[in-house]
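What follows is a single chain, given as structure tokens, in the form predicted alone.
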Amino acid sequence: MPPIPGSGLAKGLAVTLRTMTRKTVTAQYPDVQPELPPRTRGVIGLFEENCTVCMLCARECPDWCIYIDSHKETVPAAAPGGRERSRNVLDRFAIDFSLCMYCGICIEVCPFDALFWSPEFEYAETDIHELTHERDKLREWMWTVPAPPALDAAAEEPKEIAAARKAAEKLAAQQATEAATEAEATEAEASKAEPGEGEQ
């Protein structure tokens, strides 16, 4: 049986009429900001205080889009007779986002947690050269990094936290023992200093 002329148009209009009564799901960006997942890969934020200029991120980057400059400073000895130490001071930390492929290797290899994913994604520029962002801009994005998710209540305690807790408990017990010893010594001295019954 040949199709009825105009049946396709009628079916299309029926779909249109059905969807007209439903609630719209179109996100009106940029008037309405999207709700992004917490692990969204937007841009990379820099926590400068944790950076030791070890260069691991720049060496492991497959695109060579991380630029780091530093210099060495001499730190005076902490105690008399001690030895002076030298430390690296960060001068420049920049990422060229026109080359970055958002693989996250730099974040994974950083041993001091200086790099983090930020869900920020509105950083378009009219000039490709302006996509190289320096450490000031990376520092601003650091404050948009979401807090880490809460730990599972049934999970094991992390080894680092367990070791830190044991060390704190050991230190507290040692301090309590020293305080008790000092209190006993003070009481003994006080009892010796008191005059006897026959010495009045």
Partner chain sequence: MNDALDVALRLLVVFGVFLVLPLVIGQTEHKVMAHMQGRLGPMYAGGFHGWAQLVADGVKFAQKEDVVPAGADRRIFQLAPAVALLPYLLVLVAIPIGPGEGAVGEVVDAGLFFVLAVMGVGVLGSLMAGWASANKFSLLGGLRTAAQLLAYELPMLLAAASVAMAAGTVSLPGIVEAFEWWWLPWQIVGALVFFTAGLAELQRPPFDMPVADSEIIFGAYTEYTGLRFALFLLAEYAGIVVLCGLTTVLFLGGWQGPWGADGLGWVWTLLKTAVLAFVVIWLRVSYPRLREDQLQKLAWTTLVPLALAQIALTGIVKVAIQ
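What we label the rigid core is the largest C-alpha set whose atoms superpose within 1.5 Å from one form to the other. Residue numbers count along the first chain shown, from 1. From a predicted model like this one, the values you see are computed outputs, not experimental measurements.
The same protein also exists as the form predicted in complex with its partner chain; that form is not shown, yet it is the one meant from here on.
Of the candidate stretches 170-178, 56-64, 29-37, 130-138, only 29-37 has residues with heavy atoms within 4.5 Å of its partner chain in the model of the complex. Heavy atoms of Thr24 reach within 4.5 Å of its partner chain in the model of the complex, making it an interface residue. Taking non-hydrogen atoms only, Leu17 approaches its partner chain to within 4.5 angstroms in the model of the complex.
Heavy atoms of Ala185 never reach within 4.5 Å of its partner chain in the model of the complex, leaving it off the interface. Contact check for Ala190: every heavy atom lies farther than 4.5 Å from its partner chain in the model of the complex. Core-superposed comparison between this form and the one not shown: the C-alpha position of Met55 differs by less than 2 Å. Relative to the superposed rigid core, the position of the CA of Leu36 differs between this form and the one not shown by less than 2 Å.
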